[in-house]
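Just one chain is shown here, as structure tokens, and it is the form predicted alone.
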Amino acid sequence: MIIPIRCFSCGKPIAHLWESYVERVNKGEDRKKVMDELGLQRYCCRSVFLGHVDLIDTAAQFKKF
């Protein structure tokens, strides 16, 4: 739901890169090029970005009783 602060495997901080990644990909840039420029070299960090599904807006619609 929310991008993790650190990579699950290697522990590299990645959450601060998420917004710029999404913004650039939505503009039409290639995902590989964006991740290379942001410094995501390891496949474990890349998999966190590629596998992430942003569901926070959907979950926020429901009230907790």
Partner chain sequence: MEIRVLDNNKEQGKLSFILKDSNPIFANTLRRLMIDEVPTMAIDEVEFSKNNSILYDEMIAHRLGLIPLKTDLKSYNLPEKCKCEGKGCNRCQLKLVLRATKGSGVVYASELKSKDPAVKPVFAEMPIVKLLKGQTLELEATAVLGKGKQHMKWSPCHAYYKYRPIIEITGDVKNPEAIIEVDHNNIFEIKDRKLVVNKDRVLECDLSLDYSQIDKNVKVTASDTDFVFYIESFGQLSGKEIINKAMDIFDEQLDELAEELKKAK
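Residue numbers count along the first chain shown, from 1. Keep in mind that this is a model prediction, so the values were computed, not measured.
Omitted from view is the form predicted together with the partner chain, to which the following refers.
Taking the partner from elsewhere, A15 is found to have a heavy atom lying within 4.5 Å of the partner chain in the model of the complex. Using a 4.5 angstroms threshold between heavy atoms, R46 stays clear of the partner chain in the model of the complex. Among residues of the shown chain, C10 is one whose heavy atoms approach the partner chain to within 4.5 Å in the model of the complex. Using a 4.5 angstroms limit between non-hydrogen atoms, D57 touches the partner chain in the model of the complex.
Residues of 15-42 that come within 4.5 Å of the partner chain in the model of the complex, judged by any heavy atom, are A15, H16, E19, Q41, R42 in sequence order.
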